[in-house]
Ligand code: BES
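Okay, here we've got a single chain as structure tokens, the form predicted on its own, with questions on binding and movement later.
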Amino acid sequence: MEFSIKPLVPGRNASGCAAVGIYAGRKPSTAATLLDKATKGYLKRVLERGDMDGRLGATLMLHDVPGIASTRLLLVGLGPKAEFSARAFRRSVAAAIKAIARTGATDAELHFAELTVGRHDIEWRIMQAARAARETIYRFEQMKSKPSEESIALRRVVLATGKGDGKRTARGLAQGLALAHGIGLARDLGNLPGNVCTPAYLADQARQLAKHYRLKVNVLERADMAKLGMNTLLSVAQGSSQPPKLIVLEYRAGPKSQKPVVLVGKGVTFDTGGISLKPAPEMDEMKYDMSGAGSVLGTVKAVAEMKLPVNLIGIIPATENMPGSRATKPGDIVTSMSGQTVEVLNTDAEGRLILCDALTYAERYEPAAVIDIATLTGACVIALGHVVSGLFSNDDALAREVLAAGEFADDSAWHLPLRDEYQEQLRSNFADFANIGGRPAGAITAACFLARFTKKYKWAHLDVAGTAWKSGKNKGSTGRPVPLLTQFLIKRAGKR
């Protein structure tokens, strides 16, 4: 689907469909008011009949409306004007695209950029409109023998703007599409089955990104990790026939003196729980346990496509967690790359074991900040559900920066405590500490475990166990937190 920006007067362009917003209480937006004048009150009469009340996400398709050049006119509910938020904006764009995609229209014009959304400017509105439209038409059909019968005729979308907005809107569109492409990559990787998306497959994806965007890539093999003393990572990989990988991508477009931001993504391409085997129901969803890795690759893609002037390192520890004959057993003690020893009380708490060695590896880059992303704990899902991601940090200023990026991108996180008192739950009689701290505050004690390996730099941890994918009828990867991470880097680059 192609996107473009044009200064259009509603109703004068011969398109397959023109979409305008209607606020709650049947109050037309500015674009809808102009259309009403062009149609000599036709729109007002339709609203008075009560077919469109302006409820957020509601749609009404009108055909052959007199006085306008578009074949179809779509009315989209915006909800109460005083409550029109960033999320409502994206929902209205998504509703428009869904409704138009159900028709035979091959092109459409969306008149949403003129809407007031808090303090957000035209660049933000164009960026979010492009992102929402792309996310709405996303389909994962790579593994089907035949394409879906629900083909979409829509090929071209024009985001209508006013005059004099060219430079900012062009930048907003470019960023929106780049972000959508990054989200799409993360979703594709998450939705692939574990027999396809293996550690080696993730490494190949990183190599393809490096080749396309001229990045530096390095993939460490088992022997390389053994030389570095990454025994906690290797302990998770022991039970699998798939060789583990430590994938490192380097994007350097900032000043040479600028310290890089390092993103570390958990890449467990399938998690059985190991010897501490998970229950069978919904175990298929453990293919999503590499969503942290997917989000790192998606963010690198978005940043590279935007050509942001930043230095960025992506580190992905990738492995399966399987209950093979050589698998790590509960009670085993392993020595991490940092030299600290860990008693493995539960092999299903494997994410922190592969992340801790990757976090130690990150020290060599002398980072400005490190953010790890992991589907780490079911406890975070219990605490926060599927709405916001869990955020932990050893630096309050960094935490505020991450939170602000999430709010701006409509990809929110919630700051949870990281207090020393919780460290007591990781006490071990036989090693420096254990890899679990019991049921109470499980998401916090997992973060406390990681904090023991991040004392040499500013660090934030995103637990996305509740937000990286959806279950049930709409099962699939969400691509989160690519929007948050990308906005964090846009801000660091000084682009907004």
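All residue numbers are counted from 1 along the displayed sequence. Not measured: the values here are computed from a predicted model.
This next part talks about the form predicted in complex with the ligand, which is not shown.
*Three residues, Asp289, Ala349 and Ala379; all within 4.5 Å of the ligand in the model of the complex via heavy atoms?*
Per the other structure, all of Asp289, Ala349 and Ala379 touch the ligand.
*Tell me the stretch among 105 to 113, 266 to 274, 193 to 201, 335 to 343 that has any heavy atom within 4.5 angstroms of the ligand in the model of the complex.*
In the other structure, the partner sits against 266 to 274.
*asked:* Thr232 versus the ligand, in the model of the complex: is there a non-hydrogen atom within 4.5 Å?
replied: Because no heavy atom of Thr232 falls inside 4.5 Å of the ligand in the model of the complex, the answer is no.
*Does Trp459 reach the ligand in the model of the complex if we count a contact as any heavy atom within 4.5 Å?*
Trp459 lies outside the contact set for the ligand.
*in the model of the complex, Ala465 touching the ligand (heavy atom, 4.5 Å)*: Close contact exists here: in the model of the complex, Ala465 approaches the ligand to within 4.5 Å, heavy atoms only.
*Counting only non-hydrogen atoms and a 4.5 angstroms cut-off, does Ile436 reach the ligand in the model of the complex?*
Close contact exists here: in the model of the complex, Ile436 approaches the ligand to within 4.5 Å, heavy atoms only.
*asked:* Quick check on this chain: which one of Lys278, Lys259, Arg156, His212 has a heavy atom within 4.5 Å of the ligand in the model of the complex?
replied: In short, Lys278.
_Please identify the residue among Thr375, Ser92, Thr299, Thr319 with any heavy atom within 4.5 Å of the ligand in the model of the complex._
Looking at the other structure, the residue within range turns out to be Thr375.
*asked:* Under the 4.5 Å heavy atom criterion, name the residues of 466 to 487 that approach the ligand in the model of the complex, in sequence order.
replied: Counting only heavy atoms within 4.5 Å of the ligand in the model of the complex, the single contacting residue of 466 to 487 is Trp469.
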